[in-house]
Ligand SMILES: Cc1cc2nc3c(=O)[nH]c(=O)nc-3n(C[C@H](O)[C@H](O)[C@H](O)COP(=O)(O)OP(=O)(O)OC[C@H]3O[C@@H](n4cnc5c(N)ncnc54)[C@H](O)[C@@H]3O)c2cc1C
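Form predicted alone, single chain, as structure tokens, below.
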């Protein structure tokens, strides 16, 4: 089967690699004119997803990761400002450098199948096939087209025109620091620290360094904080350092100085001073507006969705890579030996919708509990704080102060 894939990032490369290996004639169309290695920074995903990618040959043991077995909750102590330990949650995660994961997946797609600087302008989907019209002219016909073109997907607008991204009223401000520039370990030997404060929360953890090193002292420290920004003020935040308006995000190193100063001012009284100092020292930061969307179908005719072109959840669900891999692997499995492609796509779409229907309510509960309804834990009595962290993670092993 001839398959066109719109989008050459994580979901697109994973889908292309699996379908190419299964014997399909695959072409990837990536709109970016330059490499994607600079996109993103740190990402975390369940260890089971990493194992599945290994088993399917999408990655190999050379992909560097940092193991995360626990998350330590801290807040700014009342009066002293020192970190107040609230408890540790036992987890099983892998932390990646986005660039390393992308490079590994990209190697699974032969160069002659990957077309950069090839933006798709229009899609014509029909029962017998799909035609792609390219921005620079020309068209191509396929038996199936997979849209892996991100949260503003061209294909989603055809499959479910009513499914548009909804701004969640917050942004995530991220930064990176070389571990060699830090000195004493700010995580205190923990795998990941989650700072909580009224109105939001943040994360701080290590990822492999630019040389793919996971050796202490040669890693990168990744931090990210959720800050509420009203929709009417969002445009003023999404302006880069050259006064250019951005859509949805501001790339690393391009945050406007006034926006950075404003965010620092907000976090100054919310974070323990030692953690806030790391934010101040980070010259390399980025902003991502947080959206969500849940389409009512993943497929129409010979057109389907993968990754953030389908359902979109806030980053704190840690489901980005999980979702991309699940869409790609399940699509390849559904098409393998299927006597009727349309029936296979219908069943596959229903399965993706079921997963999204389970994740979205969980994401919304997390959003309320860890952002909009976050209590003031700085002055909360120890017993009440213990109850809060335990109720926020039902079913997880929790180590509390004094236990």
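Owing to the predicted nature of the structure, the values given are computational and were not obtained by experimental measurement. Positions refer to the first chain, counted from 1.
The same protein also exists as the form predicted together with this ligand; that form is not shown, yet it is the one meant from here on.
**Q** Does the 4.5 Å heavy atom contact test between residue 3 and this ligand in the predicted complex come out positive?
**A** No, residue 3 stays farther than 4.5 Å from this ligand in the predicted complex.
**Q** Does residue 329 reach this ligand in the predicted complex, with heavy atoms at most 4.5 Å apart?
**A** Residue-level check for residue 329: no, no contact with this ligand.
**Q** Using a 4.5 Å heavy atom cut-off, state whether residue 83 contacts this ligand in the predicted complex.
**A** No, no contact at 4.5 Å.
**Q** According to a 4.5 angstroms non-hydrogen atom cut-off, is residue 250 in contact with this ligand in the predicted complex?
**A** Heavy-atom contact with this ligand at 4.5 Å: absent for residue 250.
**Q** Have a look at 305 to 313, 274 to 282, 292 to 300, 161 to 169 and name the one stretch with heavy atoms inside 4.5 Å of this ligand in the predicted complex.
**A** Answer to the contact question: 305 to 313.
**Q** For this chain shown on its own, do 194, 246 and 368 all sit within 4.5 Å of this ligand in the predicted complex, going by heavy atoms?
**A** Answer is no for this spot.
**Q** Check each of 106, 323, 219, 156 and return the one that places a heavy atom within 4.5 angstroms of this ligand in the predicted complex.
**A** The residue in contact is 323.
**Q** Which listed residue (68, 353, 58, 43) meets the criterion of a heavy atom within 4.5 Å of this ligand in the predicted complex?
**A** In short, 43.
**Q** Output the sequence-ordered list of residues from 113 to 149 with at least one heavy atom within 4.5 Å of this ligand in the predicted complex.
**A** The stretch 113 to 149, when checked against this ligand in the predicted complex, contributes 118, 119, 120, 148, 149 at the 4.5 Å heavy-atom cut-off.
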